[in-house]
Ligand code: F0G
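Take a look at this one chain, the form predicted alone, written out in structure tokens.
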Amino acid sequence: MISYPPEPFRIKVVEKIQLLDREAREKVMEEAGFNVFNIASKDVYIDLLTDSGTGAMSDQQWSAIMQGDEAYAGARSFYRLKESVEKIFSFRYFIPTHQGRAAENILAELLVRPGTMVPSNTHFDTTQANILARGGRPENLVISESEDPSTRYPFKGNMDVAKLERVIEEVGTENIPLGMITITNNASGGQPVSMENIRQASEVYRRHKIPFFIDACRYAENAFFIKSRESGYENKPLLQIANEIFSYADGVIMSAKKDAIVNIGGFLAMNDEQLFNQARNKLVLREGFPTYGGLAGRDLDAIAVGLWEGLEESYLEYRVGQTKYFGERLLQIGVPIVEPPGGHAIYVDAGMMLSHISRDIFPGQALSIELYLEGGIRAVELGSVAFAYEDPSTGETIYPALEMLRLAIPRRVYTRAHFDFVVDVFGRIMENRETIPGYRLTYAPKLLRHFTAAFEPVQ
């Protein structure tokens, strides 16, 4: 019997949801241009679009919000967040931002130039877009095991360090303004990165004097996987594991909307004083004063508490267990997913599940549409709609390795019964999957097109 630890919390507040009938859902989808991002939240029954900013805050976080200091400069809330960031991430300098992509934007503006290249295990969509927007090239160097969804390698999010060495030699260090690693590796199935791999990548970056930044929005889940799967870490506290992770880096970009379990916020942290001063100046220009950075004081306090709650072992045991339960149930009915299940989402191999739909008519998008039509469930395509892009130097279209549908799990929001409902809906889709059509674009911007694109079915 598949199970997971009971929730380490009690529910004190609830929100009503409703399941529209099939005819109403069809009308909603057509009016949305067959893009689930355009559907109003009130028309969604179970929302697995993202785990970013959609979690339920705790009583301690709501209490902290009441203590928010809204002073324009030098707010107490800033110093409470500063203390949390210093103890967990250990960088000398940090600036708050309104969310993770604002931190990416500042970092990319300061370092990325046309013709330069930024390596990572796998860049996520906004990171990739911020690099492309400045004429840079995002280079994904994830290990080959990540391309086989059924392989149960424990750290499929790892960077291929040998490839990294080759790329640096080919491109030249002068053309690589920074190097990155994303933990966990969201664009490659939410898979974790091992401590050994982070250390090895760090050694390469430092030997070549390339600044190393970690995209750390799910650092706590990654730390839990290191503790659970990597030899030598099973008895170490999660805070100690987190401290070691960041000791190998020169800086971090963080969306607090994930592992800090808040609805808005992020930060940029680093050790380089000169870079910090430049980043702080950019922050003042676009986000706000350095001690609030586009956030209210109450948001800073919620993050300060949430960073610690996200590191609690009992919470992570429940969260990772819940995700595993969901994934194993889908496997039981024949739904192909990226294995093993990660920490924040289940990734359905839409290319395999809808093998009759070619990637130019977007199997992941087709599956996201069908999931809403069949059960009022919203999830996001992470395949060629989200990640295919034109190489700025060659004009060649670069496709992702897999055509996926991500079922992201909001933190402390849904129960086992909700996931069982989703599994039942997938069961019905599996029975009729060969009748599902592909979709073509009728409108799309150049960058981050999946957010606002419109589609029509291909008959």
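Given the structure is predicted, the values throughout are model-derived calculations rather than measurements. Numbers for residues come from their place in the sequence shown, where the first is 1.
Unshown form predicted together with the named molecule; subsequent notes refer to it.
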Review point. At 4.5 angstroms, heavy atoms only, are Q99, T126 and K258 all close to the named molecule in the predicted bound form?
Key: yes
Review point. For S120, is any heavy atom within 4.5 Å of the named molecule in the predicted bound form, or not?
Key: no
Review point. Any of the heavy atoms of S77 lying within 4.5 Å of the named molecule in the predicted bound form?
Key: no
Exercise for review: Classify E403 as contacting or not contacting the named molecule in the predicted bound form by the rule of any non-hydrogen atom within 4.5 angstroms, answering yes or no.
Suggested key: no
Review point. Looking at the partner-bound form in the predicted bound form, is R218 within 4.5 Å of the named molecule by any heavy atom?
Key: yes
Review point. Out of Q365, S146, N186, T323, which one falls within 4.5 Å of the named molecule in the predicted bound form, going by heavy atoms?
Key: N186
**Study point:** Interface stretch in the predicted bound form with the named molecule - options 44 to 52, 26 to 34, 418 to 426, 394 to 402, non-hydrogen atom within 4.5 Å
**Key:** 44 to 52
Review point. Taking the named molecule in the predicted bound form, which residues of 416 to 431 have any heavy atom within 4.5 Å of it?
Key: none
